[in-house]
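Just one chain follows, in the form predicted alone, and it is written as structure tokens.
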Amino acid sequence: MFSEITLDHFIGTAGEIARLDLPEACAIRLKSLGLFEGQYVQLARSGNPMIVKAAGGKIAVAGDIAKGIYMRVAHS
């Protein structure tokens, strides 16, 4: 069973992006940087901005944008 939580509230070190709920231009930019649905990401640093590792690089994500990135969380 899965649920979703926004990246700014994500507790953990790694997970999968479930969806992006952001303005189209922002979502397109994030996708070009390697942040898209189904992408596995690692949290390198929390805070604002937070740093995530994805697609072989590190990406700084502002807090307002992190609120629109939903992570898939498994529940037992």
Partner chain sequence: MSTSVDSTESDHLGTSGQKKSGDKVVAMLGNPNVGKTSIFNRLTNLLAKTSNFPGTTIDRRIGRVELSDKKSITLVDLPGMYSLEATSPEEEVARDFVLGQSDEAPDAVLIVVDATNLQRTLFVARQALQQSRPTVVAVNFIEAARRRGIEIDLNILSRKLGCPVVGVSARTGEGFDRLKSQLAIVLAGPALPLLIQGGSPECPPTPAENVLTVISDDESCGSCRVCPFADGHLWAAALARESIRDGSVVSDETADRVDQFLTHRFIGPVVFAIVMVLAFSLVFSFAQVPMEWLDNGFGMLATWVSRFLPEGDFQSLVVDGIIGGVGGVMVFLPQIFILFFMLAILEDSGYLARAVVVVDRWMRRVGLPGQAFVPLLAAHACAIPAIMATKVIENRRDRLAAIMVIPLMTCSARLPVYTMIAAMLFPSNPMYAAILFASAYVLGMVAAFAIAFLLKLTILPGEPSPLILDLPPYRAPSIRNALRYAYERGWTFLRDAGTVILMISIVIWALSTYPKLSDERFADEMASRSVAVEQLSESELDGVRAAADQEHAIIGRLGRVVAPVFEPLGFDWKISVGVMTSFAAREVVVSTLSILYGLGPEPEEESSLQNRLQAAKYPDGSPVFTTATCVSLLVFFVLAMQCLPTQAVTKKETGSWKWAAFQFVYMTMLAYAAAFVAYQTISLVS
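Just so it is clear, the model here is predicted, and its values are computed rather than measured. Numbering follows the first chain given and starts at 1.
Below: the form predicted together with its partner chain, not depicted.
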With the cut-off set at 4.5 Å between non-hydrogen atoms, does Lys53 touch its partner chain in the model of the complex? yes
In the model of the complex, Ile11 touching its partner chain (heavy atom, 4.5 Å): no
Do Val41 and its partner chain come within 4.5 Å of each other in the model of the complex, heavy atoms counted? no
With the partner left out of view, is Asp21 within 4.5 angstroms of its partner chain in the model of the complex by any non-hydrogen atom? no
Going through 7-35, which residues have a heavy atom within 4.5 Å of its partner chain in the model of the complex? Please give them in sequence order. Ala25, Cys26, Ile28, Arg29, Leu30, Lys31, Ser32, Leu33, Gly34
